[in-house]
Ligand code: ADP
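A single chain, nothing else alongside it, follows as structure tokens in the form predicted alone.
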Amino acid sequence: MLMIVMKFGGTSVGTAESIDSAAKIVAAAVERQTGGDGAEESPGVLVVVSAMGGVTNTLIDAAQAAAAGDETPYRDARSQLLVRHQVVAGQLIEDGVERAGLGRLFDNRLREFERLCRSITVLGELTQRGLDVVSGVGERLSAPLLAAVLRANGVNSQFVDAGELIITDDQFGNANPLMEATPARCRDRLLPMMQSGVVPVVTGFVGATEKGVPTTLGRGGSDYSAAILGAALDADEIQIWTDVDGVMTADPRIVENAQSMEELSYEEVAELAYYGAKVLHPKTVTPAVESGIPLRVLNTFNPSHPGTRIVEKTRQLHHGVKAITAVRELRLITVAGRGMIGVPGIAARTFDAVARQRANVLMISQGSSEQSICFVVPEAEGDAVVGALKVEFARELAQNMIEEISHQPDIVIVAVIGAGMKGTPGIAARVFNALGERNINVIAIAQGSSEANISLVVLQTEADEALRAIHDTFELGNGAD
């Protein structure tokens, strides 16, 4: 039995039309698997679904307002979300009994949401644990809805809550799956269903602790859910259905001639995800890499397009560069001073201080003279990091061993990605020539040991032009593969 995991994101289930498209895509996959007769052969299709587009934000905003004492948003959210889901069911499901059952399910889940928000108002506090319960409501509405629409399209389908499948730690808001317990739970629950011809529709993004307390895998975690389930079931392919024709050479909103790429390696897509590409959640590739499962990124609204296949190794382009991406809203922090030369432990103390602030360092650059260390953190974490460094190096600053701890806001990391850059001479020269010709100043650079990524820091005002310049130089708009 060929095993396919199909994950549909928020834009793919955002409207009645898009849910209908998703259901038809799943039905076509089932027909291909079974030859049109699901009774003779198990379809081997597992569906993972996100909340309808915008629903999670509505739920979180309402809960946060409740914590501040405002009860109107959560009451409005309950009514609006109930109507939104019922309208879709009314448009896509003819069976009155099925619609009535769904209506009761929607109403019960949204009443639970309302009761939780009422408690949050009384307490005046929204804990991360409580936020996880609120955040997962959208998936617990959309998954039963899509399962019912699939049944209306002739597919034997059943909703499954991922809280029964994905066992996590108690790191609420960004839980980690316990891969010792999760695979067995997934196989025991899902394989008998699939072998009997049922297509499970599983909630993305959510899980539960061993004690059954709801958790979430972090924003965008439905991709991660699909990869976890795919790895647990030893799937043949994990499909990520979204609203673009695969992974693009650049953001098409900025680079007009950006192209869809036929194939990427795990390493390349991990670099793209880390450095701002929005197609895949950064954690998604980990279970797939460990299990050797290929992924494919496809377009719900253009299902005939082959999308982008993501595999362990891929063929290299002659110039080595596959794509470019950018991370915005960052701050460059510099620790500098002639007294740093030859003094051991400065770098260690710098990043110990950063770690104590739980800040995420996206890039590090250090000159061989050791007179300075510069690194990039998210803008929101910049003030706390600078303050921590000034405390850490108070004595060195007083003695002028460290002359300054400076910071520059409004900067962007531009990342040039391609496994084929390894061993290809002249890549960096072409990048900097392209930027120089357009008078774009490079503030800092770094190249990782993987050689699949050259990162450079530019001003926010010059970032878009930098992306276009590099994209043009490597002719990525003339066909990515």
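In this text, all values refer to a predicted model and were calculated from it rather than measured experimentally. We number the residues from 1 along the sequence you see.
Here the subject shifts to the form predicted in complex with this ligand, a form of this protein not shown in this document.
Chemist: So this ligand isn't shown here. In the predicted complex, which residue out of I364, V213, V244, A152 has a non-hydrogen atom within 4.5 Å of it?
Modeler: None of the other options qualify; the answer is V244.
Chemist: If you check A277, I333, I411, A77 against this ligand in the predicted complex, which one has a heavy atom within 4.5 Å?
Modeler: Checking each option against this ligand in the predicted complex, the one that comes within 4.5 Å is A277.
Chemist: Where, among 98-106, 244-252, 143-151, 372-380, do residues come within 4.5 Å of this ligand in the predicted complex by heavy atom distance?
Modeler: The contacting stretch here is 244-252.
Chemist: Closest heavy atom of S21 to this ligand in the predicted complex, within 4.5 Å or not?
Modeler: No, S21 is distant from the partner.
Chemist: Can you check whether T11 is within 4.5 Å of this ligand in the predicted complex, heavy atom basis?
Modeler: Answer yes; at least one heavy atom of T11 falls within 4.5 Å of this ligand in the predicted complex.
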